[in-house]
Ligand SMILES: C[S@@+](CC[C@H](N)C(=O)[O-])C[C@H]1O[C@@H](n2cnc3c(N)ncnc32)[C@H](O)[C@@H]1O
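Given next, in structure tokens, is a single chain: the form predicted alone.
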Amino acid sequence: MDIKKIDKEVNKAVRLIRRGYNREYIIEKINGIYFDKEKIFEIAKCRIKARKKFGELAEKLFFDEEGLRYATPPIVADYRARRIKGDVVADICCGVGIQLIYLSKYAEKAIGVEIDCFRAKLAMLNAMIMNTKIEVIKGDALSKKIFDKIDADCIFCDPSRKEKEEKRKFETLFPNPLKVYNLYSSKTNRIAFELPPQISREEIKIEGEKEYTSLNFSLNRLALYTGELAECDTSAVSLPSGERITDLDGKIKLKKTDKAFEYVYEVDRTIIKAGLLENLAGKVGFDGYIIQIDKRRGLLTSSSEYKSAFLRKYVVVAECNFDYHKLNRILKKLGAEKATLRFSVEPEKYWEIRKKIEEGLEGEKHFYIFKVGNKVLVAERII
């Protein structure tokens, strides 16, 4: 396998895509090196898309569409690898190998298993390009043939899932985590799974720690740690800061109010999903109230300042009834340039509403608009 020749053809396709040439023209101009031309074209498209998730590193990695969609971002992959490190770690659904590469940084030996032959080849290419020593086995991790080959003290499994699904279930993940657990628990109790973060806790049919991961203040991942890897029942970690909240942290029971105090705090949705709001309040010693809690957003208020990676802090500068013209006048007086909506609206109406609110603004400041009942809060973010 000449990785330099493969990389050269992928980069040639990348350049042609960026110049705006159509697919047929590009297919005609590139050579099928190791993969056929269609696959080279797919890898090139994914390399361009991957920049958002992988930054400059994307320029040398190999992905297919599904592999990129579910590939773990580097910050999360590194955190996960440090959390589940062992002497010999096996990633038995390794995909294109990103998590496997990071697992190898903290293990004596890292083994990957991938049932899809194309993806297994991409994992091997990524290992080579990253100068990482890993073993990739093509096959079904649930088969006796593969099971007998795996001699590891820690198992990691990120099962594939449907791109869209009304309700996430264990039964629709492949391979089924319960089958993986029942099989591999005969080798070790140190087993970790990557699960869809939107799956309900009632659907998780294996005992262990459920760790919700936030990346840049957004729910990104859900891991399930079993056996010796589990440290509590439920936890949340914020990356890149590494701040962690667990169900073992002391709680403060929060009451609800309709009144906004000097500061409002937007709560990371990861905390809401994990059900750890009162534990977060206890850990930071929060003295205040809940203004609003729903599936998408949590909003607290207090007269005191608090600092947490799970909280975005704003100072309230104005309050009024929800009226476009009145809100627009207030923003003009405050010297606003733009106003970001921080409440739920239908996507197709977002810019229609925002344009009405921002009409004629000529200032320099950026404000955020929260809606509480029939009232709106105008707030300025404090970094």
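Counting begins at 1, following the sequence as shown. For clarity, every value in this text was computed on a predicted model and none was experimentally measured.
There is another form of the same protein, the form predicted in complex with the ligand; it is not shown, and what comes next is about it.
Figure note: of the listed segments 25 to 33, 63 to 71, 351 to 359, 329 to 337, the one touching the ligand in the predicted bound form, with heavy atoms no more than 4.5 Å away, is 63 to 71. By the 4.5 Å heavy atom rule, the three marked residues Cys93, Gln99 and Pro175 all count as contacting the ligand in the predicted bound form. Gly139 is the sole member of Gly282, Gly139, Gly227, Pro196 with a non-hydrogen atom within 4.5 Å of the ligand in the predicted bound form.
Residue-level contacts in the predicted bound form: of Ser308, Ser160, Ser235, Gln292, one residue has a heavy atom within 4.5 Å of the ligand, and it is Ser160.
Proximity of Glu114 to the ligand in the predicted bound form: non-hydrogen atoms within 4.5 Å are present.
Although the partner is absent here, Arg190 is not a contact residue: none of its heavy atoms lies within 4.5 angstroms of the ligand in the predicted bound form. Though the partner is left out of this view, Arg269 does not reach within 4.5 Å of the ligand in the predicted bound form, counting heavy atoms only. The ligand is not shown here, and in the predicted bound form it never comes within 4.5 Å of any heavy atom of Lys313.
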